[in-house]
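Shown below, as structure tokens, is a lone chain in the form predicted alone; questions about how it binds or moves come after it.
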């Protein structure tokens, strides 16, 4: 099979790495890819949101399977367009992508279906939103309705912070059109977990559980980011809890969408808060998580391509995935200043040393190839906020963490920043 992966981050590098191991994969492309992905796939200089360019490329190269990594092309309807042209593509159609493309759509769907989530209200005017804030106890969560690169959720400890968040989104337009509406919801207390499944519209198969670390600094302090690290499995997700999430969240959503004429095929990610009252949905994503995927796929023994094909063909019923029992941790190495402004073009050293380590993978996110003499080997430089995902397996979570940070210490670039406590909740639970 000739396979095209769309995207340029650490998630896409992990997906390309796993797909390349499939006996079904004869030729692998990635658009636009990054420096690390260039070592295992042929890159196409086409942006992930250039749907026409991607369609033309897939047609010209006779691509047998397209795998969509990020949410933006899904929300733009790339699956519908490819399908109409007779091209096989893994991911949900445009209507279903609204689960991530519009938090208002997702919350209202959950309310209709009785899916457990935080109480909420939707506003388009800041004065009405501020008036509502006065009636609610802090802390509160203010969310931009649309896609905001993982940064559209603001956790407000005080009413003043909530008022400011509303004005920033609705009046100052810090997220542009993604902030045409805001959701104000009660802040849930508990422990977060990520439940990702693959659906064929009727049946689902869950991936291994994971937990993301959103805040920029240790001890979960500072602003939210796209994710500073993840580990799998998440001890908070017991077998009983997973069954509860599948029965009370995933199954009602898949079946509810089907009743409304929407057959959900692809990956569905439920960001959960495990509260004292039970699991509650924080958000839905319509693709594999980032950086959760980087911690999940190294544990997957089964053929990812086969699972994706079964999703497209409606043949997931009875299919099971096999997992490595060892835990995996992935630490994000970010550019200084992220999630705010940061510099690019910093030379990265130490990557060759990590390749000598057993059960260690470094997935590139914001990198590109730099110029170096022919005899000096490849040069990678930074080109994004999240630069690398340093990933390691271990016999237990403590061993995985130690192994991962041993690899992290071998890598250097100017201004680099990373959290030193990824996996701390798992340590506490075990």
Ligand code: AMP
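Positions refer to the first chain, counted from 1. Predicted model, so just to flag it, every value in this text is computed and none were measured.
The next section is about a form of this same protein that is not shown, the form predicted in complex with adenosine monophosphate (AMP).
For the residues 141, 249, 106, 305, the 4.5 Å heavy atom test against adenosine monophosphate (AMP) in the predicted bound form is passed only by 141. For the candidate set 178, 72, 282, 237, a heavy atom within 4.5 Å of adenosine monophosphate (AMP) in the predicted bound form is found for exactly one residue, namely 282. A residue is said to contact a partner when one of its heavy atoms sits within 4.5 Å of a partner heavy atom; residue 130 fails this definition for adenosine monophosphate (AMP) in the predicted bound form, lying far away. Taking the partner from the other structure, adenosine monophosphate (AMP) in the predicted bound form has no heavy atom within 4.5 Å of any heavy atom of residue 113. At least one heavy atom of residue 187 is located within 4.5 Å of adenosine monophosphate (AMP) in the predicted bound form. Proximity of residue 192 to adenosine monophosphate (AMP) in the predicted bound form: non-hydrogen atoms within 4.5 Å are present.
Look at 258-266, 147-155, 350-358, 89-97: in the predicted bound form, residues with non-hydrogen atoms within 4.5 angstroms of adenosine monophosphate (AMP) sit in 147-155. Proximity to adenosine monophosphate (AMP) in the predicted bound form holds for none of 300, 329 and 403, with the criterion being a heavy atom within 4.5 Å. Shown here without adenosine monophosphate (AMP), the chain has no residue in 67-91 lying with a heavy atom within 4.5 Å of that partner in the predicted bound form.
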